[in-house]
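This document starts with two versions of one protein chain, written out as structure tokens and named structure 1 and structure 2.
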Structure 1
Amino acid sequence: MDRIEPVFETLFDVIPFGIYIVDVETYEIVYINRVMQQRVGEPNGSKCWQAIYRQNSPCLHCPIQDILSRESNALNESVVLELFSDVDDCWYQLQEKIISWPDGRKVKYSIAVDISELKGMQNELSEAHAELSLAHRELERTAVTDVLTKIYNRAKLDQVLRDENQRKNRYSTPLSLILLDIDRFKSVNDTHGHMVGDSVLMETADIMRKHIRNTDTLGRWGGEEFLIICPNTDLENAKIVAEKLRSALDDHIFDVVESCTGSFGVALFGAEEDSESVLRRADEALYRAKERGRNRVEVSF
């Protein structure tokens, strides 16, 4: 390894980062400062990729050939990159450039700054951001989800109703609602207790979820009532959907209570009708279903 002027050697040794200088033609180490020597030992004429990186051939990240191949072949053009070293399991930021050595050779001057602590902090920050993002999404999800049944809650249904009514008015497409009430639900709670009642609500939500269409929106309207919002659906087709749901509920064998049915009210939005009015008509149709024997679908015309 060539010696350099003592004043430059002293200057390089004061710098608290590893510095090494390599002949661009032979890759032989021309000089390393004290910090780098403490890392790799005395190179004794070794190639940089041997002494520093313990490689069997020039490193893939090495910028020498790229810089030399440029038309300008400009000296002092810096290349900055980050590199993980398998030798000491550390991250380094390398600032490298080709300069003229006092003897006239072109050499690559490299300064290696250990950024392992910074990388660790960046990784921790990235993990914190990821956890925060997940927590935010979970918060958004829980804000619109019914705690018991895991379907949409009343607040979310109100939002969907507003959005779908606006879309219906803008594009003149049909929009229907299906309101479901579980028959004799109070007697389930009175006879078997609220835990069984909660189980019936959860099973009913699962049945509804499995049998609605992809375009429909299902939610718990309150108590033992469920609402299905059906975009682009006229009254006749909404009735067909409701009948399908009624049949699925009737056929299901529930835990403990075994049999449970529901009454359904169906209503179609009028041209300029608001949600409150349509919901009232769907509720009236539902109670007609109750009065006419339960476990049936009634339509509001």
Structure 2
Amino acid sequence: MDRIEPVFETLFDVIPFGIYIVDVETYEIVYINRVMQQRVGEPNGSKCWQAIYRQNSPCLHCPIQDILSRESNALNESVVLELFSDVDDCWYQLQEKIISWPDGRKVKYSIAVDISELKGMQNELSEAHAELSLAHRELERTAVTDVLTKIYNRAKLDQVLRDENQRKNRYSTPLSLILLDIDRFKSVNDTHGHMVGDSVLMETADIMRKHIRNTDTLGRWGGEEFLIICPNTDLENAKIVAEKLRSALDDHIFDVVESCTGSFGVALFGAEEDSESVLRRADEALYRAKERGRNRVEVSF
């Protein structure tokens, strides 16, 4: 370490903050005051990132390269940063500045103020904020999710229906609905009990989720009824989607009941037609599918 003026040294040693000065070219420590020395303990190298921060290379937070790459007037400009030091588990506010040292070298001096207490409070505040955001997110999620099947609930489906109907009117794109009712669901409940009935509902939801397109919206409409909203889809394509879902359900081997099928009603929104009316038509088509032997797709024209 270079010798520096004793007056200067005495002055810096009475300041109650850690102070160190490093050569910006070599990162060698030019000067370190007593407070800083006590903080970092026995140095294990002569460069700041070794002796002070116990790193294997210059620190991520180091502003030297950034300052040097700027215009020359960036010299003498203070940089203030907050830093957590894992050497002593403390938070520091660092004020750093590049200046010319009497021998002509460019050096960076740093004043480190311990702000751990302040940071502790700020952290508690951030944690509270994060907890609030998480709680809020969880609330938003539960508000739109069906508790049993984890797909959207009726409230969310109603909202998507409203939004998609508006979009369809604005852009004149086709919008279709697929209504699905699990066949003979009542007898599943009666024969095997509600637990098995619930697992049939969950498995059905999973199969539907896997086989819809990513632009479709799936939700539980009520009881054993599911609704799939298909934007930008005409009747012919909606029928193809419904047929794919029907056959996926037909192929699936369920726990306990093994085989379970569904009946599907498909309807396309007419111009100016409201959701209620389209849903009624989808329901009528679904009823026809049931009448004609179940495990079928019927379309409302």
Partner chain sequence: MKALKIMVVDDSIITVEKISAMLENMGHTVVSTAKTGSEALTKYPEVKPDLMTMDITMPELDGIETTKQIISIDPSALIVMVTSQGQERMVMDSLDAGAKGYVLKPIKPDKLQLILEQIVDKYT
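Numbers given to residues start at 1 and step along the sequence of structure 1. On a predicted model such as this, the values are computed, not experimentally measured, just so you know. What we label the rigid core is the largest C-alpha set whose atoms superpose within 1.5 Å from one form to the other.
The chain as displayed in structure 1 is taken from the form predicted alone. Relative to the superposed core, residue 60 undergoes a C-alpha shift of no less than 2 Å between structures 1 and 2. If you fit the rigid core between structures 1 and 2, you'll see the Cα of residue 269 move by less than 2 angstroms. Comparing the two forms between structures 1 and 2, the rotation angle of the smaller rigid part against the larger comes to 31°. Core superposition places the Cα of residue 91 3.6 Å apart between structures 1 and 2. Here residue 112 exhibits a Cα shift of 7.6 Å between structures 1 and 2, evaluated on the superposed rigid core.
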